[in-house]
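A single chain, nothing else alongside it, follows as structure tokens in the form predicted on its own.
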Amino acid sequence: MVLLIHHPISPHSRKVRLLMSEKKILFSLKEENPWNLSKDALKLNPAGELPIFVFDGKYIAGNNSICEFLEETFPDQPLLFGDALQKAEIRRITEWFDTKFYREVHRTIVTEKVFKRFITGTSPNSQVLKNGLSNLNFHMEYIDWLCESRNFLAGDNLSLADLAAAAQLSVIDYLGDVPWESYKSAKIWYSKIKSRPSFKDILKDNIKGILPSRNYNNLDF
């Protein structure tokens, strides 16, 4: 049995879910609130972060560790591939979204719009949101630039980098904050990722008390 302890708002959880779906791994989900993890979840990952991967009585914490494990264990459908330079490029872009985008965009916007709602019940800080949205435009410009010369973010084929980026953006898109019309190349790229079978369950996600944006689950947006 494969179990992923996750939350729909966690982009790192979404990344692992996408990877497992691309590899056609059957798995179950158990939801935990990232702002209030249970004692059982904290025992599995004292860092207090999601996702947590559980299989055959064993567990792996941390999205990068999980992804590396899955790549080694299910090598027939690789998402981290190529020679050393190609793998380095995939890892570089993956880290960009896992770390830089998460810190500069996701953590700002989602904390204000979601976490505050459930933790303190307070309204978003408009200036903080403005900063997060400004940072989002910087990252959208970068995606647009990459997509002008590549079929996918790290080259000609779908890779872990695309899953990492789409996982992050899908959360922001759920909240309706991605200015797709200003970034045509990025929109075409996301449409390709969004239309993949692995994305189907992501588009069914719901955050309690917060409705998805109008075009969140629209493949032809």
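The numbering used is simple: start at 1 and walk along the sequence shown. The structure presented is a predicted model; accordingly, all values stated were derived computationally and were not measured.
This protein has a second form, the form predicted in complex with a further copy of the same chain, left out of what is shown; the following refers to that one.
* If you check Leu158, Ala41, Leu175, Ala61 against a further copy of the same chain in the predicted bound form, which one has a heavy atom within 4.5 Å? -> Spelling it out, the residue with a heavy atom inside the cut-off is Ala61.
* Asked: a further copy of the same chain isn't shown here, but in the predicted bound form which of Asn151, Asn125, Thr99, Ser134 has a heavy atom within 4.5 Å of it?
  -> When a further copy of the same chain is considered in the predicted bound form, the option within 4.5 Å is Thr99.
* Region of this chain that lies against a further copy of the same chain in the predicted bound form, out of 178 to 186, 44 to 52, 191 to 199, 28 to 36 [heavy atom, 4.5 Å] -> In the other structure, the partner sits against 44 to 52.
* Asked: Mind checking whether each of Lys130, Lys204 and Phe221 has a heavy atom within 4.5 Å of a further copy of the same chain in the predicted bound form?
  -> No residue of the spot touches a further copy of the same chain in the predicted bound form.
* Asked: Is Arg91 close enough to a further copy of the same chain in the predicted bound form to count, meaning some heavy atom within 4.5 Å?
  -> Arg91: contacts a further copy of the same chain in the predicted bound form.
* To do: Find out whether any non-hydrogen atom of Arg117 is located within 4.5 angstroms of a further copy of the same chain in the predicted bound form, and reply yes or no.
  => Contact with a further copy of the same chain, no.
* Even though a further copy of the same chain is not shown here, does Glu141 get within 4.5 Å of it in the predicted bound form, heavy atoms only? -> No, Glu141 is distant from the partner.
* **a further copy of the same chain contact at Asp76 in the predicted bound form, heavy atom, 4.5 Å** => Judged by the heavy-atom cut-off of 4.5 Å, Asp76 is well away from a further copy of the same chain in the predicted bound form.
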